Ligand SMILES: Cc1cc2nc3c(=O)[nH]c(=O)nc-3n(C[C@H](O)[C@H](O)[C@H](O)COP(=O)(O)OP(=O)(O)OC[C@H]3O[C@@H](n4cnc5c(N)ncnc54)[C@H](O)[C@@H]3O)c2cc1C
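Below you will find one chain, with nothing else, as structure tokens; this is the form predicted on its own, and questions on how it binds or moves follow later.
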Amino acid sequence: MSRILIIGAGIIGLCCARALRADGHDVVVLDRDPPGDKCSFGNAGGLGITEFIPASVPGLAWKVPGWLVDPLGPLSLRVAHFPKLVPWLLRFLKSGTWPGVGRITAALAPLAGRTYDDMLPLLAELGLMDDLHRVGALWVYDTAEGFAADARFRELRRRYGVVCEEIDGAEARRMEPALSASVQYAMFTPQWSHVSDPKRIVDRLREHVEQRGVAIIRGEAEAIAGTELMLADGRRLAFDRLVVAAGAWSSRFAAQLGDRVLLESERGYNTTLPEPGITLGREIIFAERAFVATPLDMGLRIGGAAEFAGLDAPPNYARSDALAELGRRYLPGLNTKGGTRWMGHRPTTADSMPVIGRSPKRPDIVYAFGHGHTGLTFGPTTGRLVAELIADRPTAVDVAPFSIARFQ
């Protein structure tokens, strides 16, 4: 079997390592800080099987100016980064047509449809089945206009088998008494679930693959030279196959091969409140404000926001504070003291689809990155697909739409 080197020890890289090791390959995972903080750890903990509709949709562009000037809005942009963002932004806006939404949704829905098929065996292997809470999610709205505007998306989700139960604000408060009276409309998606602690899953998975013979090496990848990976400290790691699963940093390696990709760090923020003073039974998605609140083992995590500032700018934790303030508006009894603030680099493509597939320039190199908000949800399935590609087996999901060639 092949010696396979994986760049990246986040949820995607580790799921690839698990699947490839199960196929009998000699697997090595490289990461600058294998147990360190990643998007895999700081996400909101949801298995968003409904999340196959792209971020760019008709009408979105008209909302952006208002979001940018709202200190509690879901979007911020650092001016110095704007020139670098322009190519990504143009492709993002170009995708936001109804035909574009239909095409992207048709590609992503089968990926979402495999979530439990591939996640449940993983959790069973890790002994973490009790960490999965299949209690659905509640999407809440302040206004009739906001609820009506999402009607087309509810129908699109139903077309692909997602149950969307429309309820009023009173019924939403019966389900979640902590919600304020400002909630007038809601949607319940019973197929959604959340986990107790996303970090525990990643930590346990890393230990699990190591126990099964995967070598995890600390080091910073610098360049691909033939069938060797050059590290910043001068070491060289030989490979037969290379899997690039480096999240928001993956475009740097693709560029070395001449593969263009429109990938940005969509910097996400959250605040985790250890003593929130309220109880939620499930993840709440505040649809008009584009943030979520999830009950986790370590407290209530309030997350969301998208900031475009590149990979190197320091965090702006005022974004985390804004999320806590928004949470208090919708959850009147919320105690926002003592929260832990966090920022992570969500690897987001301009068309909301991940990059999964071989490099057109180097068939011995496979890409697995760009999952945006859905790394935890799609991680086990992506690992399966990468193993199937390397083994030249038919893939469980058609990966043609996810080829990096779409950006050439």
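Numbers for residues come from their place in the sequence shown, where the first is 1. These numbers were taken from a predicted model, which means no experiment stands behind them.
The same protein also exists as the form predicted together with the named molecule; that form is not shown, yet it is the one meant from here on.
This chain is drawn without the named molecule; in the predicted bound form, the residue among Leu30, Ile356, Ala350, Val27 with a heavy atom within 4.5 Å of it is Leu30. The named molecule is not shown here, but in the predicted bound form it comes within 4.5 Å of a heavy atom of Ala221. At the 4.5 Å threshold, heavy atoms of Ala246 reach the named molecule in the predicted bound form. The named molecule in the predicted bound form is not approached by Val366, whose heavy atoms all lie more than 4.5 angstroms from it.
In the predicted bound form, none of the heavy atoms of Pro276 sits within 4.5 Å of a heavy atom of the named molecule.
Stretch 249-257 is the contacting one of 71-79, 249-257, 122-130, 157-165, since its residues have non-hydrogen atoms within 4.5 Å of the named molecule in the predicted bound form.
Residue Gly304 is the only member of 298-312 with a non-hydrogen atom no more than 4.5 angstroms from the named molecule in the predicted bound form.
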